[in-house]
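So this first bit is one chain, no partners, the form predicted on its own, shown in structure tokens.
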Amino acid sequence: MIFSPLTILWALPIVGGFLALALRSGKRAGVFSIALSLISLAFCALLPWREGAALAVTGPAWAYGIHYALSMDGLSWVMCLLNAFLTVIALVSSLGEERSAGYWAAFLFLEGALMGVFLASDLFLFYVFWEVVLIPMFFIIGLWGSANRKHAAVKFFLFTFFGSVLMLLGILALVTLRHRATGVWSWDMQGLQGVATGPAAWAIFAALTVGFGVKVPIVPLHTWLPDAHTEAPAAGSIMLAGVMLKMGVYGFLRIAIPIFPHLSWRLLPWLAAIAAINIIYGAFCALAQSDLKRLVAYSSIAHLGFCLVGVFSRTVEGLAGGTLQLINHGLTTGALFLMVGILYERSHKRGIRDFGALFGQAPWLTFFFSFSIMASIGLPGLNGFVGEFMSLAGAARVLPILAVAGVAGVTLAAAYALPAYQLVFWGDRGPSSVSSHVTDLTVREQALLWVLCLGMLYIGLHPSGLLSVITPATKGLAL
């Protein structure tokens, strides 16, 4: 049956986006969009699914074996929940700004397309949603970003579109090989294992790796990310880092590794090198930044490397830890980009040395920033520690040198994050400081950050709540 709870999950935000556009008034569209996003969050949280009896819907075949097919297991559920949650955070954070109806609608379109990516079980449908995601984010950056927004938006689109084309070529090759072997056209994600062998398997896996790698992003396919983050509005950065970057790792978990389990294991040293380079390179780039937003952007490259470490280890704890780290990264970077956006809104500056001694006049901002930084660098008791520890523990079992690179990345994270925090909130004010323009958080801003930080604390103290959902969905990929 096409009209199922899973259909509602992705269609509701998209229909809501068109309704928001019809309202024309930016204020009315904003209130409507936030209300709809809260409904989507509640609906996702209460979906009646369970492992072993996951929700699924399959419609009639269209052409060449293409089906409208959706399914939800623990992996897709946590990703949909993260998407719905951060959409609420992004929209509520934009309430105090003068925005058009198109701005609010773009975030609803983005939420719906991301839901489709995480729910699709037909490869053609997966690709359609994957491409649709690019459109609202392109406009969010290009229309409502900073001074160089057009350049950043075009660069973002070209890089991600290039990756999508390679991914499509890999998918088409898989479907064609399956048709030659069986005489049946099918785009179903299940049953493609073993279709491609020899050089064809290597070529298809390489195409999928680049396609998913652009989204992670892996080095050297990452250069679009700092520009996109720098120019995007704060709410756009929250969704970009918090959800969109997770699409690449999700692609490995849902498609590349299940279809090529043995090849991905044979390529472990190379895949591990990619993850290690991401961790170390991202950290050193973050160390070199003087712009606070670019620092957080490069830190995302490093932190996504930890997710890849766990996923590529193909151990039960590594897979669960890498997936949990996707959620952790969404919460911590969501909070950090929100606060960097608040600083920019108050002062129109983002330079680390543009500020100083903010703790006296903005104590709540100081508290939440320190809390989020500690979670980001993996302080025990907060969410970042659990995901990183499990990822590195999994890596240590199969490739100890990879765990060593991860430990070095943890140390470097403290090296770039803590000095930046110290300069902004506790350092001396220079002659060009704009700290006097920065006021403390409003009640609305405090409420958003309380929700994010309590989420970090909850996962840090009680990770089994999410791990009990994630582990059954990922353990089938373990070797």
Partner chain sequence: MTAVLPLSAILIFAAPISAVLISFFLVRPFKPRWTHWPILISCAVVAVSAVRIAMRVYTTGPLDVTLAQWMVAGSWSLSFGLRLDGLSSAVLAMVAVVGALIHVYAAGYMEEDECMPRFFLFFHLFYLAMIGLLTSNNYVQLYLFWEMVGMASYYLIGFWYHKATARRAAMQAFLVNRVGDFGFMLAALLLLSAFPGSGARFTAVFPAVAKAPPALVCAIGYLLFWAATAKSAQFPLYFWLPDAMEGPTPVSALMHAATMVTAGIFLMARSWPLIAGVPHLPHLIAWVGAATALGAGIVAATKTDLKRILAYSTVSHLGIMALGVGLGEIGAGIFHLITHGFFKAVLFLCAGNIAHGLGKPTATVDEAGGLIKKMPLTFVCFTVAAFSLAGIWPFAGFYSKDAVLDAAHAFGPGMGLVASAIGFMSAFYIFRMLFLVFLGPRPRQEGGEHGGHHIHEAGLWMGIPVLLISIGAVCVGWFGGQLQSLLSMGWMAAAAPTVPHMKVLEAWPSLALAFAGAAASYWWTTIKPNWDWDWREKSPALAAVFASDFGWKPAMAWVAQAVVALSNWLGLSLDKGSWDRLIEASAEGAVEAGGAGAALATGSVNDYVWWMAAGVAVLLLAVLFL
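Residue numbers count along the first chain shown, from 1. It should be emphasised that the depicted structure is a prediction, and the values quoted were computed from it without experimental measurement.
Just so it is clear, the following notes concern the form predicted together with its partner chain, a form of the same protein that is not shown.
Although the partner is absent here, Arg346 is not a contact residue: none of its heavy atoms lies within 4.5 angstroms of its partner chain in the predicted bound form. In the predicted bound form, its partner chain sits within 4.5 Å of a heavy atom belonging to Leu461. Although the partner is absent here, Pro217 is not a contact residue: none of its heavy atoms lies within 4.5 angstroms of its partner chain in the predicted bound form. Its partner chain in the predicted bound form comes within 4.5 Å of no heavy atom belonging to Lys293.
Annotated contacts: Thr7, Asp188 and His262 are all free of its partner chain in the predicted bound form [non-hydrogen atom within 4.5 angstroms].
Picking from 82-90, 265-273, 364-372, 188-196 the stretch near its partner chain in the predicted bound form, with a 4.5 Å limit on heavy atoms, gives 364-372. For the options Phe252, Phe205, Phe355, Phe389, the one in contact with its partner chain in the predicted bound form, meaning a heavy atom within 4.5 Å, is Phe389.
Of the candidates Ile327, Ala403, Met72, Met247, Ala403 is the one whose heavy atoms come within 4.5 Å of its partner chain in the predicted bound form; the others do not. Contacts between 368-407 and its partner chain, taken as any heavy atom within 4.5 Å in the predicted bound form, involve Ser370, Met374, Ile377, Gly378, Leu379, Pro380, Gly381, Phe385, Val386, Phe389, Met390, Leu392, Ala393, Ala396, Arg397, Pro400, Ala403, Val404, Val407.
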